[in-house]
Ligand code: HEM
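This document opens with one chain alone, in structure tokens, the form predicted alone.
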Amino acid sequence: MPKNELPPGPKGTLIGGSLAEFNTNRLDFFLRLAREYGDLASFRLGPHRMFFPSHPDLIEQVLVTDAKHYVKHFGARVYKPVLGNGLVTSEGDFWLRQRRLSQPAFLKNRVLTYAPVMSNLTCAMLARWRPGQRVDIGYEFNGVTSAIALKTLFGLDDVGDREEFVNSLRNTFDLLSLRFRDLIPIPLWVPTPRNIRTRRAIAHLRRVVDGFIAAGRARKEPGDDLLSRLVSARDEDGSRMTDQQLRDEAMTLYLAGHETTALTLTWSWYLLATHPDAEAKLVEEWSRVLGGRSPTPDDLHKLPYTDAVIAEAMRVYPPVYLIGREATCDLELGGYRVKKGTTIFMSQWVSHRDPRYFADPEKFYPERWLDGLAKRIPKYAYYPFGGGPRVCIGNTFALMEAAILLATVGQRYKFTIDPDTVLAFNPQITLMPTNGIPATLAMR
């Protein structure tokens, strides 16, 4: 019989629980939970009770074994005004239908056709760079992955349209992120100044995306972009996505399709710039295999150290550092009773630093992936793309994009991190650097 008491954990304050620590020092808070309270801890955020498993077997139980008894947690629902019923936020039969309609657009043979777009837009970015120029690494890679996402998703080339969309999305998510930090979010229909700004930002963003969808539907011939494929996708009964469903999936795919890859590249270059031995090995691999040209999909299997660098960057600084589920019925986890409505948080930031599976876990050491580590460790000791039925649909796209951009940029330029840079993290939906990562460009 599962225990009725709660797993060990901090008591927190009477009203907020651990909300203050969660909001101010989130990453250290989760590390402390695992190190002080073991493989399964519990805590409270305001009225919400949380379980925090950090052992791979418990994480697998939530994401795989008992997946049908969990839905996305309350925090993910904060972003539903923008993401609607997209793949990240929808549930049950509706989610399954949308996943089935979207899946063909992400088959490997179709993803490979986007490689030239990735190379061309990266080269366009490099053409604007100059030796000695000071840049913010995160800003540059966010810009190019955004351009790639909008080209592959909407077939969008116009720079003005791209900027309007990106600015609208950023403004909307900044406002919604504030709601995630509130003890009890005020419903959006209440006309507070912040809610009014949020509703206006969402409405503007929807108008922009609806324009892209109308343009896609108006084409006489379907394009090669993802939106065109979603427009023409048919379910088993012959039905297609409505405009609202297309908008929700477009928003979800854009967000998932550029920010996480931009962060993977940002953190990769920060780590390489501060670990010159690893960077030298990477440059040698590119010189030997590519000889200065951008990689094609056929080259990627010849670049094992490139793969190792990307895997290690996502281990040390995982772009998605936290995922959550909410129990839809009473369950058992680690010998404890999980009551209906309990939220389960799982943190890649914590799992990827577990010394049971990663020797010297704080160290950036790509070589650890070159001798079959991925096959030796438990599956959910390392899960940068989530797992189970809701594993990221675009993981193949993201890994190919990261490898192509890393090699294309790295053969031309290196980054020198500004010596006054103080690394700080801004853990929102993704793990962002608080103040950017300023650097100076130098030719190879």
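One-based numbering along the sequence shown. Model, not experiment: these values are computed from the prediction.
Only in words, not in the display: the form predicted in complex with protoporphyrin IX containing FE (HEM), which the text now covers.
Contact with protoporphyrin IX containing FE (HEM) in the predicted bound form, defined as any heavy atom within 4.5 Å, is confined among 386 to 394, 25 to 33, 43 to 51, 408 to 416 to 386 to 394. Exactly one listed residue, out of Arg194, Lys363, Arg217, Arg99, brings a non-hydrogen atom to within 4.5 Å of protoporphyrin IX containing FE (HEM) in the predicted bound form: Arg99. Out of the listed residues Thr261, Ser268, Ser351, Ser146, Thr261 is the one that sits within 4.5 Å of protoporphyrin IX containing FE (HEM) in the predicted bound form by at least one heavy atom. Using a 4.5 angstroms threshold between heavy atoms, Leu87 counts as touching protoporphyrin IX containing FE (HEM) in the predicted bound form. Using a 4.5 angstroms limit between non-hydrogen atoms, Ala311 is distant from protoporphyrin IX containing FE (HEM) in the predicted bound form. In the predicted bound form, protoporphyrin IX containing FE (HEM) sits within 4.5 Å of a heavy atom of Ala398.
Taking the partner from elsewhere, Lys72 is found to have a heavy atom lying within 4.5 Å of protoporphyrin IX containing FE (HEM) in the predicted bound form. In the predicted bound form, Met314, Pro319, Val320, Ile323, Arg325 are the residues of 302 to 327 with at least one heavy atom within 4.5 Å of protoporphyrin IX containing FE (HEM), listed from first to last.
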